[in-house]
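Below you'll find only one chain, the form predicted alone, shown as structure tokens.
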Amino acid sequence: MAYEITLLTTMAISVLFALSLNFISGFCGQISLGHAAFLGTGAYTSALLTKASVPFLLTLPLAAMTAALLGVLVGLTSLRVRHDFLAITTMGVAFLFVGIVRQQDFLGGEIGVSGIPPTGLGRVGFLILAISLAAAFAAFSLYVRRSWMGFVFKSIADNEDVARLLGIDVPRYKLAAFVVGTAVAGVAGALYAHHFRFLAPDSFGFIESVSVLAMVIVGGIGSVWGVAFAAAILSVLPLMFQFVNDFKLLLYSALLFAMMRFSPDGVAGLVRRFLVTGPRNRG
């Protein structure tokens, strides 16, 4: 039973993390290749605070605030760049984060952070918390997508210049999406830290950023349920099959290529097309 709980908890954390990137990239069209840095910020914040005897539940909002603060700094920089330049800028954030962590002894340096205290919730309680947070943010994402703010985000993602002509404050909404997404990534990081109870700098590098981007694209960028489904499946495959873990970057990169070539709208798009054409094909 412990193995199943571990898998389900990993899935819930990955879903929350993927949805946080989907809020930035899927809703507002800002491609980030350094999203793992915000996961790591939340993870290190929560781990160090709990080691300093701060209650775990109190570290969740603090992890969100720390990641959101970094999100503000990166988001303000991203307002001046678009598309490929934005991807390169955010990719640099991931490398910078890993480099800083490796050089700081109080962050564990190359050795990492071990001995992270338990949450006190138990395995089942922690699983319920992770699922509840992932479900709550999924519901929030659906609400935003169908609200007026969702239409604003979509107009920015489709064409920033037209959105400006319509009177939309593009920098304000782009920054808002970035801050919300990074704050939620920080919460996912806090859960990650106490789920695995060990942190290493390389866990939050470029490979992890590519992995979560693969989840978003495979699921269908902008689709809440599609991204949640892809994140749940892709997060447990490396745990269940060793060869997937050994060739994770290669396989995820191949998935990205295949989806962008054959189904740019991901699994969600495949399902929509099947629902539309399926009955016709059956006569």
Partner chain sequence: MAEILSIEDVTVRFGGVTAVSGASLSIGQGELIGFIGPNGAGKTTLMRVITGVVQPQQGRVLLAGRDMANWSVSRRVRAGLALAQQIVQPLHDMSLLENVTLAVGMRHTASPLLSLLHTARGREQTVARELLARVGIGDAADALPATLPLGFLKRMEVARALALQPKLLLLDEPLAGLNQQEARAMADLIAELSRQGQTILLIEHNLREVIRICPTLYVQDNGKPLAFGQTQQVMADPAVRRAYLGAAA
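Just so it is clear, the structure is predicted and the values come from calculations on it, not from any experiment. Positions refer to the first chain, counted from 1.
Only in words, not in the display: the form predicted in complex with its partner chain, which the text now covers.
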Hey, in the model of the complex, does residue 145 get a heavy atom within 4.5 angstroms of its partner chain? yes
Quick check on residue 132: any heavy atom within 4.5 Å of its partner chain in the model of the complex? no
Touches its partner chain in the model of the complex: residue 198 (any heavy atom, 4.5 Å): no
Contact label in the model of the complex: residue 126 to its partner chain, heavy atom within 4.5 Å: no
Exactly one residue in 121, 136, 162, 72 has a non-hydrogen atom within 4.5 Å of its partner chain in the model of the complex; which is it? 162
Among the candidate residues 107, 116, 179, 168, which is the single one with a non-hydrogen atom no more than 4.5 Å from its partner chain in the model of the complex? 168
